[in-house]
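This document starts with one chain, in the form predicted alone, laid out as structure tokens.
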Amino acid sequence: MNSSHILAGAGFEAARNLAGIGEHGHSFRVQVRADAHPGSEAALHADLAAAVAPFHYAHVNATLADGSDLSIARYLASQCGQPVSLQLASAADRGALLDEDGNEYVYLDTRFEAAHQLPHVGPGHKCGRLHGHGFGVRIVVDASQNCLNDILLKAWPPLFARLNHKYLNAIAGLDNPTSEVMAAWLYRELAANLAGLAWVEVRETHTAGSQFDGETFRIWKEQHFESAVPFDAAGNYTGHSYLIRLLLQGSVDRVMGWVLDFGDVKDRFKPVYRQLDHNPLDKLPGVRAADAASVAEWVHGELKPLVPELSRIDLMETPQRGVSQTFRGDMQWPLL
């Protein structure tokens, strides 16, 4: 069953005092997701703007006795007039996640530099050649069972030493180091010493990555396109630099080690992309309207026959405004 959600974002600059750290400041980012229904978009954006206002260029502890990420995230969620999933990024590498079911998580973003090659791809496939990446890794834990310090000080450093500046294919269990295989490998290695591990993500590039939560594999591919949309009743147009995120869910091929090759995702999206990029979205054949939700529905209709693993589409008009359309699977995805 399809479900439609609104994505709203905001940012604020604030100082805070944390035990063991003292006075310091951050550029905070927050994004929330809520069910879409008539009038909900304007209300959600207004609620979020009002929620962050007390913190902007202010001291968090003037509003909250506890200035931790989780405390701030709980407060912001409570100020929204409808149930939300929320992600708060307090720094470039960490933050907190809340979902509508009351689950709370903290996460760490980290990275390592390494070389690899994929041994089972066909002749001429670029990933069959020896190459490398600055791999991004996100480690997410249940906040009721663990904290960031255990990731930073205990769980991650030994793995970092095994991975950084290494040839991944030579490591036991990584002879076919696709993003999916690496996410599952990291999950197993971390779970042995990290209570409450929720999921692990691996990003080969800024636009593609994979996630594993111990049971389910998910991958995503992002792309930007530049398009025009109607602005007013007089027939004038405006435009946006859109970000579209295609999210897939499925089984990993035992030989290839992936749900679907990221290159194949991009190639199958190309005929759809050509209709979106540098075009007026209200002229798409068969599109219901030019709003983001309608365009996401249109993309799904065009792409579903080509990518049956497609489970969700996120479409952002701006970094603060967008929609999320879910077609199958669950919602376990970070927002930022």
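Residues carry their position along the shown sequence, with the first being 1. Model, not experiment: these values are computed from the prediction.
Quick note: we don't show the form predicted together with a small molecule, though the next part is all about it.
With a 4.5 Å cutoff on heavy atoms, Gly263 counts as touching the small molecule in the model of the complex. The closest non-hydrogen atom of Lys126 lies within 4.5 Å of the small molecule in the model of the complex. Contact check for Arg254: no non-hydrogen atom falls within 4.5 Å of the small molecule in the model of the complex. Though the partner is left out of this view, Gln211 does not reach within 4.5 Å of the small molecule in the model of the complex, counting heavy atoms only.
This chain is displayed alone, yet in the model of the complex one of Ile219, Val106, Ile72, Val84 has a heavy atom within 4.5 Å of the small molecule; that residue is Ile219. None of Leu118, Val140, Leu98, Leu186 but one reaches within 4.5 angstroms of the small molecule in the model of the complex through a heavy atom, and that residue is Leu118. Here the chain stands by itself, but in the model of the complex one stretch of 234-242, 160-168, 110-118, 74-82, 110-118, has heavy atoms within 4.5 Å of the small molecule.
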